[in-house]
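Heads up, what comes next is one protein chain in two forms, each shown on its own as structure tokens, labelled structure 1 and structure 2.
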Structure 1
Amino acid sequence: MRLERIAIVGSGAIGLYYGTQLALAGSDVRFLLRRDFEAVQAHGITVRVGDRVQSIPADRVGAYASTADIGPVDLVIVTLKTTANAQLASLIPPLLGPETAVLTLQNGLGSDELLARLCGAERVFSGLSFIASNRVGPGEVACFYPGTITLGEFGCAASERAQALGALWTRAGVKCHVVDNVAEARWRKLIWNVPFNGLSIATGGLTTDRILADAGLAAEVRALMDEVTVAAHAMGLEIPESFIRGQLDVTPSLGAYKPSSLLDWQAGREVEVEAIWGEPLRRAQAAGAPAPRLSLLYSLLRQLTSGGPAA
């Protein structure tokens, strides 16, 4: 599996961060850029991880304004926000050669299925990114928690190709777990994101510590986790009680943490309502799993986020 030429589709904080790791490890990384195109052409990319500064200088950065300009690559990494997924149908085809693999690192549910429909399931790898990073300026990213990745093959157990993808990340210094059931990993990530990202917006901006300090809301967190778990179980995915307890136990250590969706909402950016709440709800209902709290939360979030930023 050739993994030399790589396109990054979605050059926000996450795309810039991961693309930079791969470029610094020697890959030919081609960033699809829009608002930052001219800035990156002129000044390159800068990533700050704590005190450490990584950079790709302007004369070596692969800055592109369209996927047609990028052309066929060995690997497409999709870090677009899911709210922009409708663009994938036009963005992806110019990047595809006969052997091109496509890895989504997007949030929530639905992106890997969409890519499988667009490109063929055999190309698609599904990944989860655990990272805390912000775009702090054009071509500039601050990373507070260095990213780790969990990835697997779409619709089947991890093959040698998935292992090769994992090795690519490892060589670039990014911790990567290759798993056989990435759908299960996606649902496990929802165990935290559904309640905390959702309630932080629905309460008008509570941080995770304040959500847990309210006994009523803390009980709703747990009840939402249970609904997600019941849905996952109805689909044959395993989420043990120990995992849920672990998610609850680790949250206080985050302090006054603002989930990414709350940051999006407060900054007036689109919130990934369909990927994190809508699609999981539809799958839960299709699997016959009752998810009444998720249903109410989803309808509230759709409404609250439709008007743009927080009131």
Structure 2
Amino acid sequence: MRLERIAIVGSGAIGLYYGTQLALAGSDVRFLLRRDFEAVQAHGITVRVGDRVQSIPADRVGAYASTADIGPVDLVIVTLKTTANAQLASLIPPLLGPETAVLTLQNGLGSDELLARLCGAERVFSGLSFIASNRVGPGEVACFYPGTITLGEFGCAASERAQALGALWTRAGVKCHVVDNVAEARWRKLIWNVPFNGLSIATGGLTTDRILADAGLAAEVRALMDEVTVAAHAMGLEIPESFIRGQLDVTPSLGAYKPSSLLDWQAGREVEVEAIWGEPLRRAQAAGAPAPRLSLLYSLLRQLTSGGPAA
């Protein structure tokens, strides 16, 4: 499995961070850039991880304004917000060669199935990035928690191809776990995303530290995590208590962290309401799992995000 030429589709905080790690490790990384295209061409990419600064100079960065300019690659990494998924039908085809693999690192549920319809299930790898990072300027990212990537193959157990993809990330210094049941991994990521992304908006902009500092909100975090766990269990998926506890234990280390959905809402951008809350709720209900708190949070977020952030 060749993994030499890599296209990043969605050069926001996640795409810029991971693309930079791969580029610094020697991969030929081609970033699809639109709003930041001219800035990155002029100044390159800068990633800050604590006190450590990583950069790709302007004369070495692979900046492209369209996927047609990028052309066929060995690996496509999709890091677009799911709210832009309607664009994938036109963005993906120019990148596909006979053996091109497609890895989605998008939030929530539904992106795997969409990409399988667009380019064939045999190409699709499903991944989750457990990371805390924000885009702080054109071509600039601040990473608070590098975390890990979990990935697997869509609809089947991990093969040698999945292991090769995992090894690519390991060589780039990114901790990566290859799993046989990636559907279960997707529900595990919802354990954090559902409560913290959702409550940060529902409370009018509280950061994760302030959510946990409030006893009532902290209890709501745990209750939402439990609902997600019950829903996963109804579908034959397991989320152990140790995983939930790990998510709660690591969050204070992020400090006054603003989840990505909160940043989108405050900036007036569309929030990934359907992928993170709507689709999980629908699947929970279809499996017969009660999810009253998730249902209420989903309804609140639909109302709050329909008119932009609170004044």
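Heads up, when I say rigid core I mean the largest set of C-alphas that superpose within 1.5 Å between the two forms. All residue numbers here refer to structure 1's sequence, counted from 1. Quantities reported herein were computed from a predicted structural model and do not represent experimental measurements.
Problem - Number of the structure representing the form predicted alone - result: Structure 2 is the matching one, since it is the form predicted alone.
Handout entry: Whole-degree angle by which the smaller rigid part turns once the larger is superposed between structure 1 and structure 2
Key = So the smaller part swings through 14 degrees relative to the larger one.
Exercise for the section: Please state the CA displacement of R293 between structure 1 and structure 2 in angstrom, with both forms fitted on the core. Expected result: With the rigid core fitted, the alpha carbon of R293 is displaced 3.8 Å between structure 1 and structure 2.
Exercise for the section: Enter the rigid core superposed C-alpha shift of K258 between structure 1 and structure 2, rounded to one decimal in Å. Expected result: For K258, the alpha-carbon shift amounts to 4.3 Å.
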